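Form predicted on its own, single chain, as structure tokens, below.
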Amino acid sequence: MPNFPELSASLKEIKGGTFADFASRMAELKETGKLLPLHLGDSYLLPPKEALEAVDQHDLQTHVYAPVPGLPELREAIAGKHETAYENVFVTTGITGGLNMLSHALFSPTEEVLVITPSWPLIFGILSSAHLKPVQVPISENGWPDKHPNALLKNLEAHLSPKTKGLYFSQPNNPAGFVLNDTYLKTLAEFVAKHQLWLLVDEAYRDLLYGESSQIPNVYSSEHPLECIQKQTFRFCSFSKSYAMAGHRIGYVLGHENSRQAIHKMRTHHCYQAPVSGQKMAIAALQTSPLYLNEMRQQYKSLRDLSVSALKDIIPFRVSDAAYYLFLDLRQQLTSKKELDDLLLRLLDDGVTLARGSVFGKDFECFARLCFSALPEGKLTQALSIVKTHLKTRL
């Protein structure tokens, strides 16, 4: 037998697919039309009509290499949206590609990045794949910000080490759907400045707020709490959520003058460019009427309210301010990860899937995330009824 070389040590730190252990059963249910997926952050809506019609497959420019930083028209449109310089915009293969690229560009192997949890689960594997150590810092016991950031700041300070070089968080949060207020952001900005860290802000859901403001404000405003650390901050945005284009893998990084050369160099050798067809769709999406985003937000808000109404008297959770999830606190019904797995398997037997809380942070084993945007109202109502029945049996 040949002696093969060993795999990367970092690979051992990376978990398999977030839902890998349920994959075969979900595939069976999907094939028979019985799957009601509430586990994956997806949408049942189509992209804007203009985006669907934007790609001419007979245009040679759709099929040849494009500029590494992105199509100029798209970079110009994104720069206008964020009120920043065209040169600060780099189009990436989704936020996943952008974070992966910057993890290699900003940090050296064995360095540490603080991750405020609960968090988008792929960030842990992205950092590990760059030979870095993600250090989880829970925002609170229930996955929701306290009134004041003092406890979080103390927790962040306690997790610092000489190897700490960065901080990551999502704004708005995935999976809990909260939006950090200015007091929190100012505290985090002071922490980043004090310890000379890079700041990675994941803004995947920036356009999906359900309160008075429909999107988070631009960092480049002089009044924004993060403006003072612009040169240490990288923001990651996407067309996946705002325009229902997840399958087209178009995201972008907003950098600054001092980082442009480094991003361009890493972009070239990371995956060269984002798909041209997706970039053309993104240009058209940004040119659509605001009515598309307004209607999308209203539909998601209605589905959120439907989900809240179905579950509010059974289990505790906070109503999300943004994104399209409910982060269900099952600690009163469950006492261990095994009990949660048993519940998820029973739900799966009835065709419904939820995401286990531990993938969003090790401190949330008895939580589960429910995505309310993946199904139209009728099917969501059916799925919620099944969830409700199973949760009632735990009381």
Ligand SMILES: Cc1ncc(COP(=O)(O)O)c(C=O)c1O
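Note that residue numbering follows the sequence shown and begins at 1. Nothing here was measured: the structure is a model prediction, and the numbers come from that model.
Another form, the form predicted together with this ligand, is not on view; read the next lines as being about it.
Segments offered: 254-262, 182-190, 232-240, 300-308. Contacting this ligand in the predicted complex at heavy atom distances within 4.5 Å is 232-240. When this ligand is considered in the predicted complex, Gly94 lines it closely, a heavy atom lying within 4.5 Å. This ligand is not shown here, but in the predicted complex it comes within 4.5 Å of a heavy atom of Asn174.
In the predicted complex, this ligand sits within 4.5 Å of a heavy atom of Ser170.
Using a 4.5 Å cutoff between non-hydrogen atoms, Trp120 counts as a contact of this ligand in the predicted complex. For the candidate spot formed by Phe317, Arg356 and Glu365, no residue has a non-hydrogen atom within 4.5 angstroms of this ligand in the predicted complex. Contact annotation: of the candidates Leu200, Leu127, Leu208, Ala204, the single residue with a non-hydrogen atom within 4.5 angstroms of this ligand in the predicted complex is Ala204. Among His131, Lys165, Arg249, His270, the residue placing a heavy atom within 4.5 Å of this ligand in the predicted complex is Arg249.
Taking this ligand as it sits in the predicted complex, the stretch 313-352 comes within 4.5 angstroms of it through a non-hydrogen atom at just one residue, Tyr325.
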